[in-house]
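Take a look at this one chain, the form predicted on its own, written out in structure tokens.
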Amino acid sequence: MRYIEPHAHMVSRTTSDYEAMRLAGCEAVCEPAFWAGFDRSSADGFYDYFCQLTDYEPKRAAKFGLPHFCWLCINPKESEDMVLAREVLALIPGFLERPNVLGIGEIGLNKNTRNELAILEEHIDLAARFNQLILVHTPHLEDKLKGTKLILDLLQADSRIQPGRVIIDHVEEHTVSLVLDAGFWAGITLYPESKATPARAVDMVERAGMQNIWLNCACDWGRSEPLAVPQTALEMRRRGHSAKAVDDLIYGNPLRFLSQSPRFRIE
């Protein structure tokens, strides 16, 4: 089995997770910028975090033969402070030429506030101006449908944005069709709390189809599973899906989307 892990917060994981992922068949890992588990107090903290994502973490992953890529942003949890958010946004262009940077993400909404929407719009503008791929975080639980609709409205309002270059992550049964029907990619997140189990994810894939969908673990400092993608692949095989169908979903699909960035290369 081979797969690409397109969304994992490896700065919060131990090196043994890299080893386990490689042994399970992981060919590359991609890390969106996200919350640190606490609100950072200054842009300097984000500068150091971006250095960690673009310098230290690729070296740590390389020890286990894993290419490491990343995305940059200020996450929606911290974008309520618009002064800080704009200071962080001003830092990002200086990192976009680093060799493992794929684009802007994971941007999006947390509580669907006006400030979050304003900073999301500025992230979208930044991605458009620098021709970057976009990875979007949709809010959790009861706010997800409303937040997904708000995100789609903002993206569709900008004529510079090509839907095929945007992945909208954390879709669920009530949002996956909205995303795919609008021409965007959809990410199903495998997470033991607040997101999808392997069985639930396979149910969604069987209903929505496997075109323009990827699976990811989004492992972080909370209760999460870095091997959730290969575990879900085993669930697919148990249900009778072919080895080719599994490979297309967990390797071919993320490869197809991520290869739109000239920096995404795996041997």
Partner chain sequence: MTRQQVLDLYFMDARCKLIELAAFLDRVERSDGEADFRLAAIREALPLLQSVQQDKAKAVLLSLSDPTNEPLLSAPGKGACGAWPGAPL
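Positions refer to the first chain, counted from 1. What you see is a predicted model, and the numbers here were worked out from it, not measured in a lab.
There is also a form predicted in complex with its partner chain; it is not shown, and the following applies to it.
- A single residue from the set Leu96, Leu150, Leu180, Ile161 has any heavy atom within 4.5 angstroms of its partner chain in the predicted bound form; that residue is Leu150.
- For the chain shown alone, Glu80 is a contact residue for its partner chain in the predicted bound form, at least one non-hydrogen atom being within 4.5 angstroms.
- Using a 4.5 Å cutoff between non-hydrogen atoms, Glu193 does not count as a contact of its partner chain in the predicted bound form.
- At the 4.5 Å threshold, heavy atoms of Thr113 reach its partner chain in the predicted bound form.
- Remark: Glu235 counts among the residues lining its partner chain in the predicted bound form, judged by a heavy atom distance of 4.5 Å or less.
- The three residues Trp35, Lys146 and His174 all sit with a heavy atom within 4.5 Å of its partner chain in the predicted bound form.
- Only one listed stretch (166-174, 125-133, 83-91, 98-106) carries heavy atoms within 4.5 Å of its partner chain in the predicted bound form, and that stretch is 166-174.
- Taking a 4.5 Å heavy atom cutoff to its partner chain in the predicted bound form, the contacting residues in 185-205 are Ala199, Arg200.
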